[in-house]
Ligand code: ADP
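Here you get one chain, nothing else, as structure tokens; it is the form predicted alone.
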């Protein structure tokens, strides 16, 4: 049996560590005797670094030197998180690469989110070592299903900084399905509704007899319990401003106290109908120099009004995942709740209304992800051999082809690891190279998607367009990293690219793309049809154009005039038409006229083919595109 691999849920608000002992997962208590560790790190004047509960206690006393919710910034550019940076009580700044970092006075340097993550992971690693009585070197760390490649790599880096080899970055909903025991069921479909502190994720999984397969995943990386806390904070700030004229947003200490009070009120209203928020000495009146106190009653009904739109957004994402999995709410056997925000009565009520059944209550929403990570750890260490886990890729991947179209090789929600190959050809005669441009997204127009990278395949033997056979392969490994290869079948020459983390998508872009896709679905279908029809027209008109150029003397002056006019009209339609109907009309016209000359065109094409075979080497201009072979 291999060495122990621990499972860690590195959460936005709290983190948990678990390990499988004697075939059963155990949630390990931390140094303070708690099963849950706040994801908070604080630096003291004496250069001591506090983690977890001791750090959380210092948040109000020293807000500028205490970092919480660092997961919202990990693997992100500063520009992406500017809005949420203003809502925390410590200072978020761009580092020299433009990444989000924290300016911590007591640390005497810029601290990166990976370092904050590493301090939390190290504390959990030490707690596990204490519990097991042996050194721990390997871990499975979970991430939201919608984390992009950059965020996954940054999470791995945090593990490395903590002295851990991260053997797998596992999607949180998939971990929850493992903990729920989906692999032991008889063919069940479950929906994991993961409403954490910083992110919302939903995944639909199917399993039974040792196999767990992810059918669809969707999410929003800017939607979490922190948004609910912010709503309560905003309400308190506005109420206080109405009463006193003072805006507490400028006071970092007051903000931190408001955040804690908001979080506490949210928790209390999960089991009480109203709560009293009392913050004595919240600030000083600038005129009278008298201390001011904040005291407010908040009812559950008022809170539900404040946050209903947030909860409704989660249900919209659930609908999208169901549509992707081609399922209806009644097809789901069980709804597994993950994350502290699922304890909110309104959340449970909306889920019950939507699915027509109560969510499953058999797993602890705070611990389920870490338990699943520990089970995955035991599978990887060889301790548990009876489970096969199949995850999915969240967005479609493809290349740009003729007319700027996006040709998808791997559609979104395809199980990974996966390898898909397709054969393409050249778009110009005697082309000796093609550029392969890789995109990720849902639009049929390549440039409307996220560009991931490109490379050139050269050394293609010169031949008429449509003759070369270029095989393009997309390969996604178990960690979700993409490798693209292009190979000329005639020469065996190949070129490849591995999509680097820095070129991964941001969550905001993923979200935006999917929303855009849903909003403009019909328009996208029309654009796709337009591109396809223009390609079809080009296929019809190209041989006529070529014969007019190279064998005009074979036609009478009247024939030449009619065909030249037809080519000019068709080229204008290809360049300017905005509606599929215009192109269809021109295609019919070309087909009608071409049929008059079919015998002559066929004879000329045969002669030209013979000439081509006699040509040895005639280099064409560089290609920038590729076209699928029919």
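Bear in mind that the values here come from a model prediction, so they are computed numbers and not experimental data. Positions refer to the first chain, counted from 1.
FYI, the form predicted in complex with the ligand isn't displayed, but the following is about it.
- Only one of the listed residues (159, 75, 196, 173) places a non-hydrogen atom within 4.5 angstroms of the ligand in the predicted bound form, and that residue is 196.
- The partner is absent here; in the predicted bound form, the one residue of 217, 341, 376, 155 having a heavy atom within 4.5 Å of the ligand is 341.
- Contact here is defined as any heavy atom lying within 4.5 Å of the ligand in the predicted bound form, and by that definition not a single one of 412, 441 and 451 is a contact residue.
- Heavy atoms of residue 119 never reach within 4.5 Å of the ligand in the predicted bound form, leaving it off the interface.
- Mapping the unseen interface onto this chain, residue 266 counts among the residues with a heavy atom inside 4.5 Å of the ligand in the predicted bound form.
- At a distance threshold of 4.5 angstroms between non-hydrogen atoms, residue 271 is in contact with the ligand in the predicted bound form.
- A residue is said to contact a partner when one of its heavy atoms sits within 4.5 Å of a partner heavy atom; residue 226 meets this definition for the ligand in the predicted bound form.
- Only one of 196 to 204, 430 to 438, 553 to 561, 79 to 87 lies within 4.5 Å of the ligand in the predicted bound form by heavy atoms, and it is 196 to 204.
- Residues are counted as partner-facing when one of their heavy atoms sits within 4.5 Å of the ligand in the predicted bound form; in 7 to 32 these are 11, 12, 13, 14, in sequence order.
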